[in-house]
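Presented as structure tokens, the chain that follows is alone, the form predicted on its own.
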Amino acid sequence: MQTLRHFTHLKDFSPAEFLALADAARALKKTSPKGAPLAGKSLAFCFMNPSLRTQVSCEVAAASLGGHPITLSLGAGGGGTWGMESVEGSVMDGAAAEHLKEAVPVLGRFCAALGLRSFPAGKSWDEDKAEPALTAFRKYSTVPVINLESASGHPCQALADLVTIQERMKPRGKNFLLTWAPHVKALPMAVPNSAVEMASMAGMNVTIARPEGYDLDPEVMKRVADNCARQGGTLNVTDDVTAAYDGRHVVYAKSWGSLRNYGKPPSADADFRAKWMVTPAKMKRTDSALFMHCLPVRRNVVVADAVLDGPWSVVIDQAENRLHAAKAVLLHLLTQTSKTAAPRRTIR
């Protein structure tokens, strides 16, 4: 009996396996597979939170491969599904009308794969880090599960990001900067976690520029450090936001919340925002770097218009590559063999 495979966290892949998936996505961008490899398969993409690129890229990817995409808004009301409970043993006398213990296996009887987008609650990092909804999907599902962004990771975005970098340079040995950026909210750490894991798996020299108190989770940092050591890259963490740009080949901007003051928005002080916003002056310190952001982005808060609209920006290419990354993941999970898909493996 074949072991069930999921695509939920980068830590489940070796660098070679992840790079093979990126190769598959780049091949799929050039040439679509013959026929309809997902013909007769329905795929449920479940959203507990808003989406634009993730939802559309998954739907188009499934349809272009011959599959039938179904998008569900879990517990959203107004045309969505029932409210969902994830904790076992719960006394369900509140708003949730259905438990994932029933909902997930039912969906698995109808569909060949399930995707889930589930943001953190933003009250306790220990609770959010456990990822109750995604954990329940993995536990109760009889079909492959795809993480469409959770509290701790966004592997589909990271795969598209790697493809975007590879289209312009060989990543190994290049200098990658993840810079914290201002925002009006305390945002999840999923994208920055996956961005630095991706860069370290690709053999890049990783620098993380962040204000004091905004370090990423220690477990993520250990994985990044281990990846850098194995892949020949380096890891540096700094609060010198200006010098951090020197000699960078890729600048990835993203805001994330502080573990020290979890759930609280960052300072709205104008000088603090100006210090950390990505500007043309900072980008000119780089080695003609790419500017990357997962979108959506708050203009003139996270990044200045002149950068986002300037020659550095590849954010639209990143978004397009979400489509080809989604195709690669679906083929990897749902087909026996594909000339353009990465080699199959068991993902625990």
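All of these numbers come straight from a predicted model, not from anything done at the bench. Note that residue numbering follows the sequence shown and begins at 1.
Quick note: we don't show the form predicted together with ligand CP, though the next part is all about it.
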Counting only non-hydrogen atoms, the one stretch of 100-108, 172-180, 152-160, 86-94 within 4.5 angstroms of ligand CP in the predicted bound form is 152-160
Arg53: touches ligand CP in the predicted bound form, heavy atom cutoff 4.5 angstroms: yes
message: At 4.5 Å between heavy atoms, is Val301 in contact with ligand CP in the predicted bound form?
response: no
Evaluate Pro311 for contact with ligand CP in the predicted bound form, applying a 4.5 angstroms cut-off between non-hydrogen atoms, and reply yes or no.
no
Are any of the heavy atoms in Arg248 no more than 4.5 Å from a heavy atom of ligand CP in the predicted bound form?
no
As a check of understanding, the residue in Ala36, Leu295, Ala281, Val60 with any heavy atom within 4.5 Å of ligand CP in the predicted bound form should be identified as Leu295
In sequence order, the residues of 10-30 that place a heavy atom within 4.5 Å of ligand CP in the predicted bound form are none
